[in-house]
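Taking the form predicted alone, here's one chain by itself in C-alpha cells.
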C-alpha cells in the first residue's frame, strides 16, 4: 500500500462545518474525544494532530474565561453522564470550622441563580484556602426556596452549591422589599457568628442594596463590583480583590474587606463536592419593630417594555416563524418578553433591540423559549446563562435542540396555538372557581 497521504476534501469540509449533520460522525472517525463533550483534537489530513483551542472554555460576557463542564457550551445536553457525575461528588463535612464566610444570595424566584452559584463558588474558594484550618460557608436565606427536583431536595441542592450551614428566615416579616427587617436579621447573625467575610451579589435584585446597608451598619468600607479575588500574603486578611470602577472603564485593586459585593462570573461554581447544608437557628431574638418601609406588592409591568437583559421569560422567534401575528399573540398571552434571532431582525420582522445573541443582547432569562431558531453559535453564546431553554423546531438535529432542556419537534404555529389555548383554558377555569 502506498504511504502517500491522500486527502478527502469533502470529509475535511464536513469536519470544519459544525452544522453539517455528519459532523460528529466524521470528527469521531478522524480523532479522539477525551473530554466527554465536543471533540477538541483530531488527526489532520497530513497526519498532524490538530487541536481546537475554543473547545475548552469560553469568554463570558464580563470578560472572564469560563470552563463549561456541563456540555451545554458545545450544544450537548446534560444527560445521564452529568447525573452520574453529580452523584459521584465527594462529600465534605466541616464540623469545627476555623472561621465562617457568610453569603446572602438573591434567591430570585426561590431558586439559586447563576450569579448566586458563582458567589458561593467564591465563598468556597476563600473558605478552603487553608486545608489544615478550613472555614465553613453559611448562607442566609430569606423567604421560601425550592430545590431543582422539588421541595424534598432543598438541602441536597444547597449542599451541591457548596453550603455548609444554612440560616433560613421564612417569616412574612422578611417578605417583599423589607431591607430594614433583613438588615436586623443580618446584624443578629453578625453578633452571634461573627463571620470573617460577608459576600453579596452586586445585583439590582436586592444584594447590592442590602450589602451596602450592612457595610454601613458595621462601619466597613465595602468593595463593590468585585470580579476577581486572589490570595495575597501581604494583605491583612490574606486576600486581594479586583473591582470594576469608573463605570467599568478601570480596575481597582485593594485588600479584600469584610463586606464584598461581587459580580457574576467572579468564580467557578462548585461542581466537585457536596456539603452538609446543616440548618441553624439563631439563639438571639430578632427585633420585629414596625418598618418605616411598607411593601405594597408587585406592580404588573408590560412584558413588551422590559429590556431583554432584564427579562425573566423570553419568547424568541426565528426564521421558522411563519405567522408573526400568532407569535405576538402568544407572547402577550404567556406574558413573555419578545426576542428574535438575527435572521428575523434582518428580515424586518422584529426591531434591532430585540435581537438575542453575541451580536445582539446577552440574556439571563429564567426561561428562554426559542421558536423556529436553528441555533447559530452567536445565538447560543447569547443564551448560555439562561436557566431553562425550551426549543420548538421542525429539525430534530439543529443545535438549539441539543442545547435545550426541553425540545418540542413540530410546526411552531400549531404548537403555539395549542399552548395559548391551554393557558386561556386554565385561566378561564381559575376565574370560574373564583
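Residue numbers count along the first chain shown, from 1. Only the largest set of C-alpha atoms that superpose within 1.5 Å between the two forms is called the rigid core. Computed from a predicted model, the values in this text were never measured in an experiment.
The same protein also has a form predicted in complex with a small molecule, omitted here; what follows describes it.
J.: Answer with one of 135, 303, 195, 357: the residue that has a non-hydrogen atom within 4.5 Å of the small molecule in the predicted complex.
T.: In short, 357.
J.: Heavy atom within 4.5 Å of the small molecule in the predicted complex: which of 107, 343, 243, 184 fits that? Just give me the one.
T.: Of the candidates 107, 343, 243, 184, 343 is the one lying within 4.5 Å of the small molecule in the predicted complex.
J.: In terms of non-hydrogen atoms within 4.5 angstroms, which of the given stretches 348-356, 93-101, 325-333, 200-208 touches the small molecule in the predicted complex?
T.: Within 4.5 Å of the partner lies stretch 348-356.
J.: Using 4.5 Å between non-hydrogen atoms, is residue 398 touching the small molecule in the predicted complex?
T.: Within the cut-off, so yes.
J.: Does any part of residue 318 reach within 4.5 Å of the small molecule in the predicted complex? Heavy atoms only, please.
T.: Because a heavy atom of residue 318 falls inside 4.5 Å of the small molecule in the predicted complex, the answer is yes.
J.: May I ask you to state whether residue 390 is within 4.5 Å of the small molecule in the predicted complex, using heavy atom distances?
T.: Contact with the small molecule, no.
J.: With the cut-off set at 4.5 Å between non-hydrogen atoms, does residue 22 touch the small molecule in the predicted complex?
T.: Taking the distances in the predicted complex, the answer for residue 22 is no, it never comes within 4.5 Å of the small molecule.
J.: Let me test this: is every residue among 228, 263 and 273 within 4.5 Å of the small molecule in the predicted complex, going by heavy atom positions?
T.: Checking in the predicted complex: none of 228, 263 and 273 is within 4.5 Å of the small molecule.
J.: Please check if residue 123 moves between the shown form and the other one, taking a CA shift of 2 Å or more relative to the superposed core as movement.
T.: For residue 123, whose C-alpha is compared between the shown form and the other one after core superposition, the shift is less than 2 Å.
J.: Core superposed first: is there a CA shift of 2 Å or greater at residue 324 between the shown form and the other one?
T.: Yes, the C-alpha moves 2 Å or more.
J.: Look at residue 104 and decide if its Cα position differs by 2 Å or more between the shown form and the other one after superposing on the rigid core.
T.: Moves: no, less than 2 Å.
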